[in-house]
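Let's start with one chain on its own, the form predicted alone, as structure tokens.
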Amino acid sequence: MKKTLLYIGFCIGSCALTYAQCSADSTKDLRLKEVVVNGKTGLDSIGESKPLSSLDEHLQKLSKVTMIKRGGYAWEPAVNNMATERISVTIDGMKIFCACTDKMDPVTSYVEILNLNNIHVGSGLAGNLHGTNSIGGGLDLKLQKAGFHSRKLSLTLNSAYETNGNYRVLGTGLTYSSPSFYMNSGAFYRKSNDYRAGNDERVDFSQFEKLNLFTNAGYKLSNHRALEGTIIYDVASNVGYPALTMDVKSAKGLITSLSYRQDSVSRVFSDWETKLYYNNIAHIMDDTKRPDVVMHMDMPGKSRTCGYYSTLNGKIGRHAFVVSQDTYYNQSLAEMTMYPKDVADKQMFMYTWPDVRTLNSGISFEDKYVLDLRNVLRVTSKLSFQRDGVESNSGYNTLQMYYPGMTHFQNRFLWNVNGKYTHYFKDVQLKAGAGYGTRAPSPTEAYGFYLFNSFDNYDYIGNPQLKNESSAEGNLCLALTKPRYSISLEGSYFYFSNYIIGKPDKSLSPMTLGASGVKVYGNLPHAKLFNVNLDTKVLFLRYFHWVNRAAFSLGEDNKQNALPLIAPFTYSSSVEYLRKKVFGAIEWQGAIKQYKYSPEYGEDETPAYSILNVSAGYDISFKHTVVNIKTGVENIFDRRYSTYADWNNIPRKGRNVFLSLTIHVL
């Protein structure tokens, strides 16, 4: 522990500089349609077909983002078909890590729509400079902040109901702004019973209940300096996961931050932000409500992270640059207690995450160089030092039986560099980029112990002797933008070296009853992943928008076997009508049969599917109040279907009628 404290002191004392947001050249911002931009607050509900849907439902509509579903709540996001281990998900730049070994509590589950301003989606190695250990891309959930404006007080009331699952939503938000102080606070409550798949099939253990409380506040110290703070408390209970063998008794998250901002620092440096943050995630799995359980188990887990980042933006001539330094320290601990049916037998206990500690400190640099009016070059790079290991002596002694040469802690150096060139024609943008980066194994990959994966029915053991995984990336984008239509075609290719994945070890016996065997994480010589996305948008008859999206991906390991959870060809097409206070939309979405799948990694063939959704809405305005009503029907024909990303082929919702009401009082 003393060594760890010395490393923290060294990393904090050795660096003092900064960093900021990625430019639009290689990343995309989704600004939620519910939120009015340009400093205003409140919901622009008329622009979204289902304004009070969960964040998971919003995320799955984004290009390059897919969602891995294990139940009706808290889906796991993936970017470029890469999930938690290979991407970075942050909240306003804050590092937060799951407390569940089965990924039942992704970072996205701790933010509500009412507290969200926009979602920054970054692709590839330059995806999220706030992120760490990311080679596939990243998501940064940027919170709603009222900002410093003239005095204004507003209130928002939200309610929604969905027939499928008897799903209820209630929310309220209060916003105050002034030239020297602002605050926005809110509460959101969601509760659902078991939902029903197509053909009125009940999906048992898909219920959930959730409460989210949040406050964001800011105080101006002077014209150019301000303090800002955030606190989020989120608690979910009685959460069922039909695709897994266990449910969640409770998942609690406390997320806090305090930041200092200054603009007009000097002639060279424009903006400076330094943020301190702390978050505490506690998660308890159990199976007490499941029938016919051979041996009951409790599996609590916790994740605590403290850290900071400091970012500085500047400009010299044609160079606009960002420098950043960030450090975080994380504790991840999970355990398992097994209760035999015969009370005379002894209980069994083991650590599944044996008190894993991770210290990471890095410095990053970004330079956007404008060669001329038509050509822009952007270069980003980051160098990080990471020290990780096992604090628990009993956990260390257990792992050492499998890896006699392992030490309590080990040091790793991680780095990436990425370049992107953009050429602007009259209406066309051509972007080409390339990069190389590395990542360290996750706590599960390095130190996990007998973690059961119901997807392939294997127990998994981590490997602290894994090499860093590396990725070489190339990407190309061609975009045409006209007043009445736009087309964007984008492709990316990733070539991995020392690809980390679990492989069967026949010398080991499974601990989980009925498991097919044991897999140990190892490094494959190489793997590859290809993604292509086509997006089009057409404006016609003045008030109609026709939006289309198609995507295809292909992933293979070193033996040409398909990688798991890689999307087949998917598509969506929607026509929206928007005129003054009236909104209407019809959407068709689906996927072809998943021909390229991976039996070795637990996959089977997923049939093709297509579904149809419709929605409509109307705004009523009087005096200082705006009332928005939205209604619609999802999966009109009640199709029973699963996607490639539905764990163990869990079916998605059948026909669902929803109604939402938003009242905004200015």
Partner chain sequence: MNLIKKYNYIFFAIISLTVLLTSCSQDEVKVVTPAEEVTNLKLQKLQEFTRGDYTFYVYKKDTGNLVVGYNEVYIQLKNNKSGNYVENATLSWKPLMHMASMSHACPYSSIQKVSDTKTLYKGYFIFIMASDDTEYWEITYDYTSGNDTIVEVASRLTVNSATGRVRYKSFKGTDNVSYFLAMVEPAAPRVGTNDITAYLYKKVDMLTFNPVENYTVEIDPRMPDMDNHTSPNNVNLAYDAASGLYKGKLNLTMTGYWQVNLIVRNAGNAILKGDSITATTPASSIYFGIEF
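Since this is a predicted model, take the numbers as computed values, not measurements. Residue numbers count along the first chain shown, from 1.
Just so you know, the form predicted together with the partner chain exists too; it's not on screen, but the next bit is about it.
The partner is absent here; in the model of the complex, the one residue of F413, Y219, Y485, Y577 having a heavy atom within 4.5 Å of the partner chain is F413. Note on the partner interface in the model of the complex: the residue among N115, Q325, N212, S206 having a heavy atom within 4.5 angstroms of the partner chain is Q325. In the model of the complex, none of the heavy atoms of L139 sits within 4.5 Å of a heavy atom of the partner chain. Contact annotation: S394 falls within 4.5 Å of the partner chain in the model of the complex, judged by heavy atom distances. Contact check for G165: no non-hydrogen atom falls within 4.5 Å of the partner chain in the model of the complex. Among heavy atoms of Y182, none comes within 4.5 Å of the partner chain in the model of the complex. Checking 269-277, 354-362, 243-251, 537-545 against the partner chain in the model of the complex, the stretch whose residues place heavy atoms within 4.5 Å of it is 354-362. Along 500-517, a non-hydrogen atom within 4.5 Å of the partner chain in the model of the complex is carried by L508, S509, P510, M511, L513, G514, in order along the sequence.
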